[in-house]
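Only one chain is included here, represented as structure tokens and corresponding to the form predicted alone.
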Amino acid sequence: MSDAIDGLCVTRAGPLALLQDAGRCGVRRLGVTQGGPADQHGWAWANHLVGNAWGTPALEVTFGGLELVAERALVVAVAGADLAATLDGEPLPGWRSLAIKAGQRLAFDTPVNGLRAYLAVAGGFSAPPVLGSVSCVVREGLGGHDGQGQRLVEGDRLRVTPCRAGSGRERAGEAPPQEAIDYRQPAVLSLLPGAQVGEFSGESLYRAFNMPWRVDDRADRMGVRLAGPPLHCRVTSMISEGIGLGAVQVPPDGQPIALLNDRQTIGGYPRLGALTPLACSRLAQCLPGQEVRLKAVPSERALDEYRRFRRTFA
């Protein structure tokens, strides 16, 4: 952080704005969760558009309500959800990079399309790593802009790493070879069947993969509860197992819970399977009440899809 400089000052704090890099890997054996961007797709594109390498910290803005003032000239990009972002009161185009000047005001309002937006700056945000990552996990008090696991509040300053030649300013105005995603459409979530899938009744499996689910109000970075027809499993008690990203647990009430980045490290409910990383990203953009469907996929297809995604940012 020795070469970091002040980049943005928080003048109005939204409900949840957190610094996230690729996540805190290799520490779940210590009981520490991974953190990282809930929507890896939007986070990766925001960084890519300003020339940052995979893993560079970016800001995850949930629900909006955040206002920032630039303390120097920067190249920025916003991807992921449309939170009605503006620059000095004018609409800020998403999914493209642009240069902003010192003193300009960047604001995120309420969700228009999706739930979480990602703000990246050329060179990346700079913060003290904790257990090898700056990803902010509020529950565990780890990471973030201050290393203490705190969301942004009014008066906080976000420091940035000066961008190297050949990135950032030279890329201002560049757009990705895709259109912004309409997160308001029903989502089809790819799921890898899990070890206990055979313990669910045939009727439950039919319901799971052929009927729509609704995103419940009980949803956060730890997990998303899905509301729909109850699923029944013959397994009623288990020894707790390690929980990976996207694990779909089914508690006794039969309503599945898809576990995301800030999940617990172990769990004892039977699992229908696990959502793929890109399915987790899509689910993380769903507002309460939205419809989703589960689609069983083989591991080879899921791996191929994720490899294609990662090659985009190699």
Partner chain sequence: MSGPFPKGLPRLEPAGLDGCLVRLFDAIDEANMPWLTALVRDCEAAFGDRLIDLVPSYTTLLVIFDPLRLSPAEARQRLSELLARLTPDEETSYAPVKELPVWYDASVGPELGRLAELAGMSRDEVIACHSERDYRVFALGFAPGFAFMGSVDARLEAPRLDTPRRRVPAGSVAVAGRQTSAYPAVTPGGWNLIGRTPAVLFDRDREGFSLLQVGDRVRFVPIERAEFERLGGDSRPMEEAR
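Residue numbers count along the first chain shown, from 1. Nothing here was measured: the structure is a model prediction, and the numbers come from that model.
There is another form of this protein, the form predicted together with the partner chain, and it is not shown here; the text below is about that form.
- Taking a 4.5 Å heavy atom cutoff to the partner chain in the model of the complex, the contact residue among 84, 163, 131, 99 is 131.
- Of the candidates 244, 93, 229, 111, 244 is the one whose heavy atoms come within 4.5 Å of the partner chain in the model of the complex; the others do not.
- In the model of the complex, no residue of the candidate spot (53, 155 and 218) has a heavy atom lying within 4.5 Å of the partner chain.
- Proximity of residue 234 to the partner chain in the model of the complex: non-hydrogen atoms within 4.5 Å are absent; the residue sits far from the partner.
- In the model of the complex, the partner chain sits within 4.5 Å of a heavy atom of residue 141.
- Heavy atoms of residue 196 reach within 4.5 Å of the partner chain in the model of the complex, making it an interface residue.
- A residue is said to contact a partner when one of its heavy atoms sits within 4.5 Å of a partner heavy atom; residue 303 meets this definition for the partner chain in the model of the complex.
- Stretch-level contact analysis of 102 to 110, 181 to 189, 234 to 242, 205 to 213 against the partner chain in the model of the complex, using heavy atoms and a 4.5 Å limit, identifies 234 to 242.
- Residues 264, 265, 266, 274, 277 of 259 to 286 are found to place at least one heavy atom within 4.5 Å of the partner chain in the model of the complex.
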